Each structure stands twice: as C-alpha cells, then as structure tokens.
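Next up: a single chain in structure tokens, the form predicted on its own.
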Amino acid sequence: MDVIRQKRAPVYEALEKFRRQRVVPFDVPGHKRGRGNAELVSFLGERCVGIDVNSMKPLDNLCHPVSVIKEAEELTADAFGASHAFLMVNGTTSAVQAMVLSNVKAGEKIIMPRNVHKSAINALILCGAVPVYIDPKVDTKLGIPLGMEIADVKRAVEENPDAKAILINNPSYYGICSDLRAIVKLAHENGMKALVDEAHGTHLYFGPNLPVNAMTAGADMAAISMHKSGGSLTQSSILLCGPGANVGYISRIVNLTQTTSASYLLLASLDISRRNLALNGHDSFEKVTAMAQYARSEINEIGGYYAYGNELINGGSIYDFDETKLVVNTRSVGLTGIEVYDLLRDEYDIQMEFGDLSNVMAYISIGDRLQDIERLAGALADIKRIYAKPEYSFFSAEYISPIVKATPQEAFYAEKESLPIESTIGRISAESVMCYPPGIPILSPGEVITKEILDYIKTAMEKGCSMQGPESEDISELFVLK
C-alpha cells in the first residue's frame, strides 16, 4: 500500500473545490443546493445539501469514471490489496448481485451455503442461475449456523463439476469464518471462481490478528460493506476484484443495476473513510478488538449470558472467529435475544444491531467508546436481575435445511396462488420469508413449506422479530406454486 498516495481523497477534494466556486446550478437535483427546500437545509445543513450534486466533468461519473472517481477507485484497490475496486452506492446488495451476475448465467450452477443473505438469492432470481446449496452445520446450543466445512465443499464440487463459482459468506453476521484459503484454492483447482460476501469484514483488511480477508486469500471478487465497520455513510459499499477479473465486463454488469444518479455524499464518504482506514485502520481496529474482548469478559462475569469468542474455533465449521463481533447468547437467562433487544431499546435507550431467538448482537466499531460498553454490560446485568426466567427449550437453530424443488427464478415467476399460511404445508413457496436483520431467508422461492418452517416463523413473529419478504404485510398468507 502506497501510504503517501493514501493521504489523497480525490472525490472529496473535488467536491470541496466545487463548493468554493459557487457555480450557478441549472442542473439537477432540483433543490438547487438547498435553495428550493429550506426545511431540508435546516435538517441536513447547508454544507451537506450544497454538495448533493449531479455528475459533471469536474466531478466525474460513476457509470464511466475517468478522473477523480477513477483515482478514488484506484486508491481503494491499493488500500484493500485488490487489482480493481468499484465504488458502490446501491449498498452491498448490489455488490453481491454484481458478483453473482458477472459469473453465472441462466442455467449455470453456483455453489453456495444456504444461509446466504437475501441479496444472493435475489441475484439468482434475476439471472436464472441454479444454486447448489451446502447446508451449514449448526451449533444447537448457541442457535447459530456455522461456516462451510471443506469436506462439504469438496463433495459439492465433485458432484457438480460444471459449477461456475463458489460463493462464501465470510465472516458471518455472528463472526464465524470458514477456511477461506482452502475453499478459494479448491475453487481454482476446479476451474471455478471464488466469490466472497464480505459484508461484515471491512476491518479484516486493516486490523491486526484478525481472520484472513478475501483478497489475501486469493478470491476473485469480494463485496465489502464499508458503511458497517468501515465508517462510511449507510448504503455505500465496495466491490473488490482479484487479478484475473474481467473489469470491463464486470463494469457493464454493475451498470445494469446501479443508479445513474450516484450520490456524491456516499461517494465522498467512501473516499474519506478509505483514507482513514488506510492511515489509521490498524490502530483503530486494534482498539475495536480490545473493546469487544473487554465487553465479552464483563458480560460473561454477569452469569447466565454467554458472549462467545475464539474459544469456539474448531478448525472446521468454525475455522476462525472475528473477535470484533460481540454476540451474546441469552438462553440461560430464559429470554430470547429479541426480547433482550427490545428491553435494551425500550428501557435503557441502547440500540443493538439485532436480536434473534437465541442471541443479541452489538456491532462494535471505530465509533464506539469504553463507557458505552460499560453501560451495555450494566443494562444486561439489570435485565437479568429483573426479567430473568427459568431456561426453557425452543428452536435449537437459526437454520432449517430446505427441500428444494425449483430454482429461485422458476418459483418467483411461476403461476402461483395466495393461501393462508397455515394451509401451505407441503406446497412450494414462491416467496422468501426472513427475519431482518440478519436477512437470511428462513424460506426461499422454490422450497417446500414444512411444519417446522411454519413453527419457526410463528415463534419468531411471536417473540417480536422483524419479518419481511412476502407480499402479505402481516405474514398471514404466502404465495405458493399452483
């Protein structure tokens, strides 16, 4: 990495120069640097609204960058150890979809864990590729899916030698990492591309003693959520490419779905955040890791809760663990994660990242403070004292193995009918159903609806998980294939 060059932030610098010029705007956006919307200026500030501008020669164009955006992408590639980087303003969803769409076409196979983010499933709906699912192992005590075991990946490759790519989640929302180097090597030995959904792994490129990142492991492409742990604005992300990538073709694919009206607020935030990580990321994420480790020790001293860490590593389904992830299992205090999530928000003004049936998660990153960690630990101790119940059994995992009868695209576009959800057992779903976050489908298009799946959905709804996917707002009905 060229540290001298990394001090530049070309998009930000160009915007600052533009702002000082006081150019008369006869272009979009129609608020005209805020003059047409005083309330917006009052809400966001004159400085912010004043650089909410359209593409123009001095500011380049994200659809075909030739100047400052191109330079920003080159600096991003250098910072992340990639051959090329695309700045993305439609979120990591569009980065994941660009990875899939640029590597598989209709009828071609892609190997992936079933517990992928909905963006990957939706990419299959768009392109018509055929998923070869690997069912992840499950920790039934913690209620979480684990990583991809290399033996399972080998079996999928041997049974599907015509597959074009392998998609890997790394790290998972819960911090679980697969043997990324081995999977990438296996993919390449069999003529397949290795694609990594690295939405939760921006920090792996900068922090010390963290699991290996996708580019170091030799992956062909990786989707990075800079707005998660990297400090940029929500919806801003990065798509990284390895040395063998056909950048021109990928650019065409990116432009199929990414907006032609890119937000310069998002682009500048990516530019500034990349510079910050390149110059200060090592020290920042060393502190983040230390804070997460401190939080684990404080929470585990309370008793009942289990904030897990790298003691889970088993060399297989948990090949490594991302210690910046603070996930707390709540089962032994007799509360679901979503119940603890709601109590923290409603009673203690603490906003967690998500709660599921077994765990609650705090996303620790560069903006957190030690006093916030101590406040969280204190609130959890209080919740245990006031609200704890006897431990009881409920669903043992955040994953149910599917019975796949059609591809996502076939099911999504098939003739279908809407039925009361309790009448759909045995039918093939035309919709997805998921808790969000984390956005991993409990049910995807093309899968058989079982009693176990419906019981899981019912329990998740009763406990207060935020559900989405079907057309039915209250999830009382599902579309199924006729």
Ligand SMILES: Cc1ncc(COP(=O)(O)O)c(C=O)c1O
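Computed from a predicted structure; not experimentally measured. A residue's number is simply how far along the shown sequence it sits, counting from 1.
Separately, the form predicted in complex with the named molecule exists; it is not shown, and the next lines address it.
Site residues Ser119, Ala199 and His227 are all in contact with the named molecule in the model of the complex, judged by any heavy atom within 4.5 Å.
Taking non-hydrogen atoms only, Met148 never approaches the named molecule to within 4.5 angstroms in the model of the complex. The named molecule is not shown here, and in the model of the complex it never comes within 4.5 Å of any heavy atom of Leu380.
Interface residue remark: Asn213 is not counted as part of the site for the named molecule in the model of the complex, having no heavy atom within 4.5 Å.
The named molecule is not shown here, but in the model of the complex it comes within 4.5 Å of a heavy atom of Tyr436. The single contact residue among Tyr173, Phe412, Phe206, Tyr341, judged by any heavy atom lying within 4.5 Å of the named molecule in the model of the complex, is Tyr173.
Contact with the named molecule in the model of the complex, defined as a heavy atom within 4.5 Å, holds for exactly one of Val327, Ala219, Leu270, Val96, namely Val96. Stretch-level contact analysis of 86-94, 101-109, 404-412, 185-193 against the named molecule in the model of the complex, using heavy atoms and a 4.5 Å limit, identifies 86-94.
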